[in-house]
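Only one chain is given next, in structure tokens, and it is the form predicted alone.
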């Protein structure tokens, strides 16, 4: 029993970091928006790391799953707002719909793309989000290029005050819950059969096959899990927070690039890495925007390159070496 509990010790620093972030946002005036942005980067980094970190495959179409999740929440609110007895059930249905839609899209994409490896897989996924976006716009699905605006329906259903709380507070609180769930799933996979199989295929996929590991099965598990969490992030951080969906925004590929940077910065395949990477990336981006507005990307890019070159295993990789053989080792993976 004790052994089962010990393997979850690495969750402690992750959850402490989220708790500190939350308390700062709640108690320090004017900090909530910054905290919400950091929670977004940590949550999406944690979700993306389940696939990239554990398999070594880079999915450039990842933002498509967030975009589909956004539509899941938007469709629930815009179509069910007149069903008064549902109440907050509309939000729950929106989250479930986001989960299902992102999962279905990941199954469709994974069925084709996961047959490929390395650069071929990355190339195959590049056009996923753009192709899906143009499908929605061209076929006029879910409002087409006009998107969906549902702020009025949200207010009509819950009233102005509750609707405002949902958009400004609860949408961000949901992010913390999603980040915590993603962290738990990560450690559960890492310390179980799934994690060992994914580690084997990441190190040498051919050798893993020879050893009898069904690599396709485990890639699909990681892919669907990661995509489903992305759908939940899109439903809360974008749809519920902004109360509208506009295709060019929700399918913007730079979000995928940010996910890759966060995971590599903190340490791919680690539990604490996406949290550290999300905090470093978010805070650096924020302060550069404040100090040198208009030039932040020019300065930010070389900083990121230097950090990644200096710490090829990520910041957490350095911490693991530093604390090797100490009491803190069991808390950092």
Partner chain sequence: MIGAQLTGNLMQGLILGGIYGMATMGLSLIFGVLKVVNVGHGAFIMIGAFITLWIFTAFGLAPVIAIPVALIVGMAIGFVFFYLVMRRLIKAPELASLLATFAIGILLEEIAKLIFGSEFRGYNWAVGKIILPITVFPMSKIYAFIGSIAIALLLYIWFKKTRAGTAVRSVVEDSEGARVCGVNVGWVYALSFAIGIGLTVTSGVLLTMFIPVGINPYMGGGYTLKAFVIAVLGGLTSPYGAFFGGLIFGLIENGSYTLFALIPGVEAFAMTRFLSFLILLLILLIKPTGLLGAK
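Just so it is clear, the structure is predicted and the values come from calculations on it, not from any experiment. Positions refer to the first chain, counted from 1.
What comes next is about the form predicted in complex with the partner chain, which does not appear here.
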query: Among 177-185, 76-84, 91-99, 113-121, the region lying within 4.5 Å of the partner chain in the predicted complex by heavy atom distance; finding: 113-121
query: 11, 171 and 229 all contacting the partner chain in the predicted complex, non-hydrogen atom within 4.5 Å; finding: no
query: Any non-hydrogen atom of residue 134 within 4.5 angstroms of the partner chain in the predicted complex; finding: yes
query: Contact test in the predicted complex: residue 138 vs the partner chain, heavy atoms, 4.5 Å; finding: yes
query: Proximity of residue 257 to the partner chain in the predicted complex, heavy atoms at 4.5 Å; finding: yes
query: is_contact(residue 159, the partner chain) in the predicted complex, heavy atom dist at most 4.5 Å; finding: no
query: In the predicted complex, residues of 177-204 near the partner chain [heavy atom within 4.5 Å]; finding: none
